[in-house]
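Below you will find one chain, with nothing else, as structure tokens; this is the form predicted alone, and questions on how it binds or moves follow later.
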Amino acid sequence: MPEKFMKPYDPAATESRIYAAWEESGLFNPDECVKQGITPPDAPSYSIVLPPPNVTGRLHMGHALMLAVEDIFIRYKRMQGFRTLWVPGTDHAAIATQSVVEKQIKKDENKNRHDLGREELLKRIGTFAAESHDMIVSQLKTMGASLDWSREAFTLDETRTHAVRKIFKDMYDAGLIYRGHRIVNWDPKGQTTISDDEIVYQEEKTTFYYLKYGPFTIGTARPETKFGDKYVVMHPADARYEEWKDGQKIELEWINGPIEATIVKDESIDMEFGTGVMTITPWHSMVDFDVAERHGLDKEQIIDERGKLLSIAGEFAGMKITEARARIIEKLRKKGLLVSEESYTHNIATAERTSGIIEPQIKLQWFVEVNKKISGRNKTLKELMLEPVRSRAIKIVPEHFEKTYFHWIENLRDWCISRQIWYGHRIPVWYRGEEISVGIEPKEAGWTQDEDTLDTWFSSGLWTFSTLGWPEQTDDLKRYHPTDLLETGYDILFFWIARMILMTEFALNTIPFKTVYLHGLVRDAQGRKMSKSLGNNLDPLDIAAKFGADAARMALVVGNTPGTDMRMSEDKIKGYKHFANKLWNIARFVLTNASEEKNGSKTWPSGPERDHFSPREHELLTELDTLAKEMTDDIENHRVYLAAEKIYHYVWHTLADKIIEESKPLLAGTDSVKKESRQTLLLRLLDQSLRLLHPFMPFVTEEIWQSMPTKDAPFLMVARWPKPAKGLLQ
């Protein structure tokens, strides 16, 4: 028995060494597997691209879950003989990364980005991003992720920049990218537009006011937006207001004096909400903007980009809206226009990075048109996003998220892709007077590039094919695209997954991936979301150092059904550290008792033919054969949580508690045939158990494998996954 088994298993002393050996072997690279004769050149391909972590700092347990699940599929397919590629990479995460650096500069130097200038700020962000990248890579390796580091990508590197400029120009030339005035999410604090996924909704208790608007009563929680309201909208089928005609004009007294208002009939009005009548503020409400667009109504700005009222507010001009609200209500009360008020609880939109309250604004921005027919294809981008999921060319796991996907896409509005920040892919458009150049910087003097940058999701939307070398027609692109699996959190089903489908369908006329596997959020033992403020964060590096990455991986996977939030605690992880120790002790027992000392050296049983096994031993082999088939079926059908649980129970409760215990008398007996038969059986059961467990707990299984007397591969990670033969495992 190797000397290492004389000591308890020590993951801290083992895992980094094992990972270094894997890296040195080059076998994370599918080309190297072919070169070394491990994978046949004509083997089927299997590919995953790593959802790129943001270069804003350390990974969290949600990332660790993602890594564990993806690595399970990759290791399983690699062991099945597939030409397996898992592409690593990181995301520049423009707004998030710039925000972190700007806050630090403000804290350390009391300066803002304008004090530094664009070039200096980008230099500092670049330094920060590089340091964060190195930390992230360290964490990925610590968790055992068998990524092909020779193909590592970054959303802001040269290859991805080329891809971004190429697709921007192609979409612009196709009439799908345009610059125009539309309503967007505006962050007054961060001074930029932001995407829906960068919004955090916070519950707010406020007051809901009912106001007299001529002959009508309207309700609002935001009286400060009502200065410009000159349209009163109702449902055309509302019998209460059938006397009023669409387009009819009425005179009424309003906040700052008499105004003329116009009746508008629109079917989007909810007759059951409030009084069934509403006024609209098209400049500061997405819903109101849509009504105004449908009817060709005027739009007037009430609040500026800093969150202050404009001159239309009269005596309230220059005030912040939070300060002005009470004064506006007091004026309405004095004028007899306040009907009633009541307590009201609703969610307000805030910017994730700055905590600023979002103020919808109509701004000149760059957009992707989703409802325009693409020339030569007679389909819109929206239709291209719906078709592959409806046809099941793309399968979503769990399936019920398909309804969510369809709802989002069917209600999709044009995608605002410009951001008023400096870090990221700068809009590839140059201006000279009335002239415009798109995609390629002109060589002549006098041209100025657009100041804005692209939404991060624009570049990450190209991830499955830009990481494989597009727009060049590389061998990787031909062999590994579409990718087989996209595994990520259900919370970005729309924000990222849908956009990858959009971009891939447009650029390549194909799907980006065949299956979408959605995991839930990792919460603490009390079911709370993990956060620094609650002090309940579990850092993957700390957990791995304390319990081992194998234990963390098993704790994250067992019992974790797709799309469902899970609770995580150190006690759960500790339980799987005990399991790793149990496996170590099993291996020590088997390897000690399966070898004989002869002439000063160890010999291993040559092993009888299967016909010489006892009926009980055939039964035990068949039991493991059945388990292997069940686990194969589970993994193929994305039930990795079941496969993990089954091999855990087999190793602990069947192999350790039953088989080894019943083997002890045979191994201690004098019948050499029965003894050798049982020695061979135990070696075989251990061998197959290690293979079945490897995708879930790669480190401890690899460490034990290296001491096995017979191996069919230099590393367990490229050994063959168990396959039944004549009803029994080979």
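Just count from 1 along the sequence shown to find any residue number. As the structure is a computational prediction, the values presented were derived from the model and not from experiment.
This next part talks about the form predicted in complex with the RNA, which is not shown.
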{"item": "Options 504-512, 250-258, 416-424, 402-410; stretch whose heavy atom lies within 4.5 Å of the RNA in the model of the complex", "value": "402-410"}
{"item": "Contact test in the model of the complex: T279 vs the RNA, heavy atoms, 4.5 Å", "value": "yes"}
{"item": "Residue contact check: K372 to the RNA in the model of the complex, 4.5 Å heavy atom", "value": "no"}
{"item": "4.5 angstroms heavy atom contact with the RNA in the model of the complex for K35", "value": "no"}
{"item": "Distance check, F128 to the RNA in the model of the complex, heavy atom within 4.5 Å", "value": "no"}
{"item": "Of D450, E341, D634, E383, the one that lies within 4.5 Å of the RNA in the model of the complex (heavy atoms)", "value": "D634"}
{"item": "D304, D539, D170, E645 - the one with a heavy atom within 4.5 Å of the RNA in the model of the complex", "value": "E645"}
{"item": "Candidate site T220, D270 and R567: all three near the RNA in the model of the complex by heavy atom within 4.5 Å", "value": "yes"}
{"item": "In the model of the complex: members of 565-587 within 4.5 Å of the RNA, any heavy atom", "value": "D565, R567, K577, H578, N581, K582, N585, I586"}
